[in-house]
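The chain that follows stands alone, in the form predicted on its own, written as structure tokens.
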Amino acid sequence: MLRYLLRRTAAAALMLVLLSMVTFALLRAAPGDPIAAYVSPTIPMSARAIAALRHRLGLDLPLAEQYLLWAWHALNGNLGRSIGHGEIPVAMLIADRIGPTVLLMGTGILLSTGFGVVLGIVAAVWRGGTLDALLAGLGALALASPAFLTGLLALFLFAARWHLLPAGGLITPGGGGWADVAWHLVLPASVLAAAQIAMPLRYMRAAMIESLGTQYVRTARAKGLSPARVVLLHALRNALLPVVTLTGATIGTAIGGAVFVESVFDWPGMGSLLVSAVSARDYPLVMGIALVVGAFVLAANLVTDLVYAAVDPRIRIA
């Protein structure tokens, strides 16, 4: 198990380095001069002043040296200073926004996985019927609906038209407390969960159908066990293994959905921060967010692999 852990950790570290290299290269290959983000269009600067600023920022170095310099600072905990937020350290900006994003993503993934597992069991037990067809249609609709479109529709119905839930933000102005945060979380987390629910539903349905057809399940039925006992205590245990792997894989897609959901509902997380950073061509902030998000996704997948290996010994033996 230790050797498996070391191998997976080394692979995750290598993937994080490759991700940072690709992101850095893509930002530098984007149209326009990076120095333009540091120069105000309303304040004229001489060519000598611009050259001095370029030298101070290291933008006159070869691309490989620029990346190595950034990587060295990142290893020491220095992600640079934001261009569009008054030279505030990037690490400080990310630290302020990471909590709301983790809260939103965690709640959305918990809801989508929980409801997806339950609905997948229902669809498998009553497969071929009207309920199975209805759930399959709802899953396909959720899979085909973009998160921003679902978010706008939910915002119009539940906030603007029916006034049932807050329109956005993390807390009510002048309010606060966990109850207020939870009330504001309902709508964006539900939208994020709706965008993610199709995959666990489909995986759970397929795994349960396979599990219900195994010999040990037929034996349990022959012994006279109740249908609920057969499904929940015998078939469900092995059917959950694919869902464990899927949960780790959905974190990456949940981050992509969170970008749109946070923008629609004005949620003060890393997704909305990334959108503003890209719009302002805030290169240090974009690199910092990409590094943190990449590390988070890789860590989540590593934990998922370890849980799967602990549940199924064949994985770590292979």
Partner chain sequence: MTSITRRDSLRLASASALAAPMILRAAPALAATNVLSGGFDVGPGGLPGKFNPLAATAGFTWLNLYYEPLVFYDPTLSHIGAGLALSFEAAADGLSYTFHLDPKAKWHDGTPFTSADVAFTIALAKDDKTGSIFSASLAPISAVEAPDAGKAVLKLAKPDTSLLDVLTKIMMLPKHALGSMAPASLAESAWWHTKPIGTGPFMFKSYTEGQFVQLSAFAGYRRGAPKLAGLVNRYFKSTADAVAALKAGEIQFTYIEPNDAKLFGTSAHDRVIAGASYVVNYVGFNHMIPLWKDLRVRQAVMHAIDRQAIVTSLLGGAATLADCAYTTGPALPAHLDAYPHDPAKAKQLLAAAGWDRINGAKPLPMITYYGDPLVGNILAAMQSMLGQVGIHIAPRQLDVATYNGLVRGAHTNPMDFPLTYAGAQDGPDPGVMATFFETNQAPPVGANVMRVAIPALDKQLTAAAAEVNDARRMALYRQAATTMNRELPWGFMWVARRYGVVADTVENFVWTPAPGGGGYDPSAQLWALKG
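Here the rigid core means the biggest group of C-alpha atoms that line up within 1.5 Å when the two forms are laid on top of each other. Keep in mind that what you see is a predicted model, and the values were worked out from it rather than measured. Residue numbers count along the first chain shown, from 1.
A second form of this protein, the form predicted in complex with the partner chain, is not displayed here; the remarks below concern that form.
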property: The partner chain in the predicted bound form reached by all of A49, A52 and G168, non-hydrogen atom within 4.5 Å; result: yes
property: E65 within 4.5 Å of the partner chain in the predicted bound form, heavy atoms; result: no
property: Contact label in the predicted bound form: L69 to the partner chain, heavy atom within 4.5 Å; result: no
property: is_contact(R205, the partner chain) in the predicted bound form, heavy atom dist at most 4.5 Å; result: no
property: The partner chain contact in the predicted bound form: E210, any heavy atom under 4.5 Å; result: no
property: L110, V102, A133, I88 - the one with a heavy atom within 4.5 Å of the partner chain in the predicted bound form; result: I88
property: Interface segment, criterion being heavy atoms within 4.5 Å of the partner chain in the predicted bound form, picked from 216-224, 91-99, 239-247, 192-200; result: 91-99
property: Within 4.5 Å of the partner chain in the predicted bound form: residues from 153-191 (heavy atom criterion); result: L155, A159, A160, W162, H163, L164, L165, P166, A167, G168, G169, L170, I171, T172, P173, G174, G175, A179, D180, W183, V186
property: Core superposition between the shown form and the other one, C-alpha change of P34 at least 2 Å; result: yes
